[in-house]
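Read the single chain below, which is given as structure tokens and is the form predicted on its own.
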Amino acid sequence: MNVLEIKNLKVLFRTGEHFVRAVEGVDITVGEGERVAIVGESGCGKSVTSLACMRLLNTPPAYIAADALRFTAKDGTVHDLMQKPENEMLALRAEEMAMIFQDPSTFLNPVMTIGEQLDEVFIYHMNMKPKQARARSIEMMKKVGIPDPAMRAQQYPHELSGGLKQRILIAMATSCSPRLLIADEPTTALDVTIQAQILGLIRERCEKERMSLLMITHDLGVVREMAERVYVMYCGKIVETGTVDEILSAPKHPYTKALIDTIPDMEEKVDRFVQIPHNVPHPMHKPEGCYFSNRCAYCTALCRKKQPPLFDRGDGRLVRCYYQTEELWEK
């Protein structure tokens, strides 16, 4: 059973007289208890896709269209998220689907204590009394590994480290045991040691609460650690899908291969790190053909002329490349 099903999702942003195509016809599914990752460079449309799933993009400037944007709740009810009024989405976001945002400082209220902000989840979504809510808030803080939670509940966000603030967001997101957890680059601003702790905590919470996970990241190391299945996204389109082992051991799209090649081998001494040339195209100035054509070492005239469709290889993998079935890379 799919917890989340997205078909042909498109997200446009109006800027003056022009429209920016941030997401173009994306299809994504997340199964029950499954951990799925969307990976790609900054500017590829990953975060916009996740925000569209949560209905957190305002119209205008964002305009969202989809053939299907469905979510299956704990009781088996299938919700059409495109048709949900905002008051119903408010309940769904906390009780059935939740999101961990990239920068905790942006999403924690600076003039409310940590305890007050956690309490609100239980008061408004579980109808608890303030004393009950505070007890549950402290319990949740213990679950996510926050030391001396009663004291931390009295503090304000600026008094906590980045790692502790991210743990608070995880506590908020998982308080109601949602069926789907979306994590948008949850470790970007943290050092390596804290990153590992946060990722381990998210994985532990998902396993204990049997939550499905949609992880948004640019880090293939995070993908290997957290996901079972991967969508590689580039310039608003899915360019390759597959299991983690398939994607990392046998990439079929030049962009996926380029991402993997940029990861240094710790056992080899290298003079220069591998870089993907140029940058992700500006969403208002995308190439005519394949969006990766101006950065691809294997680009041909056909690639520059016509956008490749998402080819079904017949082995459960989808690849948006004309030459993914040939031994082009070995020539």
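Quick caveat: nothing in here was measured; it's all calculated off a predicted structure. Numbering starts at 1 and follows the sequence shown.
The next section is about a form of this same protein that is not shown, the form predicted in complex with a small molecule.
Interface residue among V30, L69, A52, C44, judged by heavy atoms within 4.5 Å of the small molecule in the model of the complex: C44.
A residue is said to contact a partner when one of its heavy atoms sits within 4.5 Å of a partner heavy atom; V319 fails this definition for the small molecule in the model of the complex, lying far away. Taking the partner from elsewhere, L9 is found to have every heavy atom lying beyond 4.5 Å of the small molecule in the model of the complex. V26 falls outside the set of residues with a heavy atom inside 4.5 Å of the small molecule in the model of the complex. Within 4.5 Å of any heavy atom of the small molecule in the model of the complex lies no heavy atom of Q307.
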